[in-house]
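Only one chain is given next, in structure tokens, and it is the form predicted alone.
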């Protein structure tokens, strides 16, 4: 069985193509959204999803979130006695989604299509594949997130010719893609984005504004909030951000050292605080329109994806920019996962999708380092020669010719890069190929450099010497910051030794984590009252009696609603 997975910065989802339609898969708690959080329980057991998210505030040193932003890097996160790479943390979320899918479908899940930001680099894409491998999944394809959203929307009407733009603002990344649908073919014309712009950045703006405007920063007198305090403030900022989606005003409140601080927010103030982020949203949109050679007025619709597009300031910006209201037919949190499920149906050649053909593009330019002539017999190295331009339809193959510039050089070295800058020092190095050549005068040895980029994101560089036709090939399969297969095998063995919290008991563990979080917020008799019920619930869990555990779960849930409302559940 193959499933589609939206591996998000803040939340992740799984879906499947079944009975001629895309269907979302619920997790162990009955929710479609699984927080992209991983934590260690007090006994060293791994927690994922809502149980881990609830411990972000109470145990920040034992919990990790937002690790998707560091995919493709060697950054490590300390959880307890162990350090984890972003791929490993992501693999635990993927494994949780896999187990949820197997429980819901009643059969093993071995393959997946995983979505990634369209602007993910080569290294980030390979790291995502590694995460799938560590989770026990064969990742059949990486699908660009806005392309997935387009599939979810476009599949509703494949007969009509239309041009539309997908505006995908998630928790940590922003992508925009322009697509054209005609005669059953959905063609991506251009894509652009920002890998470090998302809903979490709007939350950070509110945190900074609260610190400076409420007087809390002044009273701290240069001291920093600890991990627990800062996470508590972030949660309050997230609550206020969501409140501003439904109301014109919201209040942020925070207690430190017995003193309460507050900040009254209005929609206008939020817009003012986030103006620099909104301006950053415009750049990728304008770039995609330019690359696609399409005017904004020529678009038939603008489609929203990603939970952060719920913010009124984002929807108003989109409406002003395009002179029309965006389409919101699908839940923006769910569109990408549903599109990934559609892609699994396309791969399985489902009869319901027999008339749909999907094409995609290369998100980055791919090229080599060359020396350019800057004067008579004067050359300067480090210049970039793009061979495959960004937004070329994949699979694609292109060739450029190069010649030697030094007399009697006996080796040719080709450095491969990814990016858009004129100088290779500002682009991403992917690999190099070096081989001996016949020593001749400059310009007498030439070579054809052919790049071939496939739909799975694998780049092959083939150099053909002239006139001998001798060939040398480099397949870019590994990057700095991405684990080798030997490292993957080692990490997989280590992950298999970890204790993973049983899926059938995650509901009770999640409730305990949420109760601990509420306990930290309360004082006096309310705190003592909750502590009694937590202790009673823990005691019942130790009996392992299902009926008693269900009753105790209901009692603690009711008490928490009475004390803290639904925000802690």
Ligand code: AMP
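Here the structure is a predicted model, which is why all the values come from computation and not from measurement. Numbering follows the first chain given and starts at 1.
What comes next is about the form predicted together with the named molecule, which does not appear here.
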Interface check vs the named molecule in the predicted complex: of 287, 241, 232, 141, the one with a heavy atom inside 4.5 Å is 241
From 367, 345, 193, 171: within 4.5 Å of the named molecule in the predicted complex by heavy atoms is 171
Tell me the stretch among 310 to 318, 435 to 443, 272 to 280, 490 to 498 that has any heavy atom within 4.5 angstroms of the named molecule in the predicted complex.
310 to 318
Exercise: residue 333 in contact with the named molecule in the predicted complex, heavy atom 4.5 Å:
yes
Even though the named molecule is not shown here, does residue 306 get within 4.5 Å of it in the predicted complex, heavy atoms only?
yes
Distance check, residue 199 to the named molecule in the predicted complex, heavy atom within 4.5 Å
yes
Spell out, yes or no, whether the shortest heavy atom distance between residue 256 and the named molecule in the predicted complex is within 4.5 Å.
no
Mind listing which residues of 383 to 411 have a heavy atom within 4.5 Å of the named molecule in the predicted complex?
none
